[in-house]
Structures are given as C-alpha cells and as structure tokens.
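Starting off, we have a lone chain in the form predicted on its own, written out as structure tokens.
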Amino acid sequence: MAKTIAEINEKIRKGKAVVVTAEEVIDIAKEKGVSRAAEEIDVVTTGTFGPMCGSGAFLNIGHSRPRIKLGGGKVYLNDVPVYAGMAAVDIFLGATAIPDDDPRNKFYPGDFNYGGGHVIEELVAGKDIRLTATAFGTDCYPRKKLETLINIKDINEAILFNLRNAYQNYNVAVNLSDKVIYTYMGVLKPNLGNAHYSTAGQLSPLLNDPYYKTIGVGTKIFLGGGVGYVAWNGTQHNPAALRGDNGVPRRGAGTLAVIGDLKQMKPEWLVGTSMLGYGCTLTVGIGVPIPILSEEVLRYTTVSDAGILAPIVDYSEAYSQMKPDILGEVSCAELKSGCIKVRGKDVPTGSLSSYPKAMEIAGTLKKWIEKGEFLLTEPVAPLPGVESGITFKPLKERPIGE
C-alpha cells in the first residue's frame, strides 16, 4: 500500500479525503488494525500549543518623509527594543526582548510583565503599536528621529519567523534544592515539590513523525491561526537523540523553523507570556498534517502518551550546570495523571503546554482539509535525520588573548 501527496490532494479537492486527528487514529488503528487504517485514512492532523522562546517577527514599516535609516540606530516598539541592523526600515522583534527599563531580576523574582511576545500578540490583534527610533542620519536618509503609531494593517510586511518551535520531546523539570527556583519551565518548588512538563504528547507533530518521513522544508502547516510553512530544521535540531524501540526520542530531539504571514494570524494562537523570575516569551499554536503515504507512516501516528518517555531533570543544578544526569524517565500518560514518582516521592505535575488547545488546533486543521481549504505540500527537502549524524553540541569555550 502506497499513496502520494498528489493523490491525497486530489481526494481533498473532491471532498473525499479521510482525515482524522492524531488522537482519533489511535483507537481507529486498534479497532481496524494498522494495515486497514492506513488504506482508509489519508491525513492525520497534529497540534501543539505552548511557550516557544525561539520566535519573532520581521516587519517592514515603510519609508517616512523625510527618509530615516533605522539600521545602526535604536528602535523600540512599545518600549521593547527591536533589532534594526539589516536595512533602512526592516526590523526584527524577538519574543523574549524586554524594555530597557524593566527591572529584570533586580527585585527577585522579576515579574517580566511585558516583552516582545506581548507586542506580537497586540500587533496581530490589530492594536496600534508605538514606534520610536533614533538614527545617525545620512545624505540619503537625513531624518534622525521618528515617533509614530504603526498598525499591522498599514505596514508593508509582517512575517512570523520562528527559529525553534515544536520541540520533539522535552525535559520534565524538577527542583532538588531546598529553595524555590524560577525557570523557563515555570516556578519549581523545593525538595521535589512539583514537576513541570511542556508537550502535547500523542498530539505533538514531530512525535507523530519521529523520523521526519513526511515533514520537511516546505511542509504547509497551521501556524498561529493562519497558514505557514516549515522553513528549515529548527535550531538545536538533534535527530541523533536516544530513541525508544518505537522510534520516538526519549530526549529533546528535532525542532522546526517555521515561517508565515503574520497578517493572517490570530492573537488567540500567538499569546505573549510572562515567566516569573525568568523573562518573556510567546506561546505559539502549531499544527502539522501528516499524509498517510504508507503503513509505516500510519504506524508512527498511532503513538500514544504511554509510549512517549521523557527525562526527569533537576533544574537546580544538573540543568543549570550542564550536567548530563537525569533522575529517571516518565511517560506522558503518567505526567497527565497528575502525579509521578521521583526518588520514591509522589510529585504533582503541571503542564506549560495546553492539551485542549492542541486538540483544537488538530481539529481545526482537520476541518480545513475536509472543506478543501487546505491542500498538502510536497517537501522540497527533508529534515536532517538520524543518518545525518547531526547532534546539538554545547559551546566550546576558548580563552581569549592567549
């Protein structure tokens, strides 16, 4: 049994494609068997909704009269600094950027009430954003100061470009120390007081295609409530991570770099987020359709929470000091039960990722495809896989001046 994306797209155009979510396919395969399910199902939809720090937006604001060269100057959106070192009026807004006058962790733990992720959410919501800029002036760009309101409806381009999203598995964070710690995995209570995780588990895109058989450069996706594409493998892509017999990574592995038109997106799927004592980020909604090209591909999509193992990591020392130690492994099913055992102690769990929102994304993508509003794309290049030998390497620190 083999299908092509072209054949599946033809069925989508005719309204005859069979589309199910990554949650639904588990029971279907149990009832009918993998072989029959693979013959009947054309697309499996996935979804995830969680904090993704490797996110940001490129904006082109248009030229003022007289012209100003933002490159080399200082530029702010709602007092949040943006990167302007590209061209005259192109800027990049990072999700984790914060205002210069934010006290940060001076009064520990800092609140980090507002940052780049919040600006992106407000921009997508159609709110006016205050732009202030100073420049050094040139003969062709004489203006040295600009203060104005910009709106996503009026600027030329607004492009969401996220360098690292949709992590393929991730740590379960705990705290072995005797004090509260504040991390990007949330507030961790002392002496194994809680455990935090961030994954959609059986709905997560790359956990349903563990070897990147169908997801590659050019794959069309649900991104922030609109349509986007996989632009490249994400930063820290680590396909050589330890894997289970089912092919699913047991450590952080693959990542996606994604791109899309911010003007088509919605604020409920791009949410500015504050992490107490850590900083700001952006919570992003992503959904990836998996074309069922073979029985093998279908089998991978039947992965359940019980078959996904994640490492338990102490964020008070092992993580911060780059030690490889883990405290054990736990399944997503155990995490979702609300309690896990670590060193013989019952530890309550909490998720930074929303499973109900992930279900909504997978369901929305399913509806788009069933209505013929969303066709699949053929990847123009595969993501680097296990055979590539790519691993995520730590910084090689070298003394300067010797």
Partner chain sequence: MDVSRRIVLHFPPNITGQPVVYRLVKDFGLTFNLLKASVSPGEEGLMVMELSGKQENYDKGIQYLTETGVEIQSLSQDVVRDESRCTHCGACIAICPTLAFSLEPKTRNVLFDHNKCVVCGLCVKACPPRAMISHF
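Positions refer to the first chain, counted from 1. Predicted model only: the values in this text are computed from it and were never measured.
As for the form predicted in complex with its partner chain, it is not shown, yet the points below apply to it.
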item: Contact at 121, 189 and 272 by its partner chain in the predicted complex, all three, heavy atom at most 4.5 Å; value: yes
item: Option from 39-47, 61-69, 363-371, 341-349 whose residues, in the predicted complex, bring a heavy atom within 4.5 Å of its partner chain; value: 341-349
item: Its partner chain contact at residue 336 in the predicted complex, heavy atom, 4.5 Å; value: yes
item: Touches its partner chain in the predicted complex: residue 196 (any heavy atom, 4.5 Å); value: yes
item: Distance check, residue 235 to its partner chain in the predicted complex, heavy atom within 4.5 Å; value: no
item: Residue 33, heavy atom within 4.5 angstroms of its partner chain in the predicted complex; value: no
item: Interface residue in the predicted complex among 111, 128, 90, 157, criterion: non-hydrogen atom within 4.5 angstroms of its partner chain; value: 111
item: The single option of 323, 145, 153, 179 touching its partner chain in the predicted complex, heavy atom within 4.5 Å; value: 179
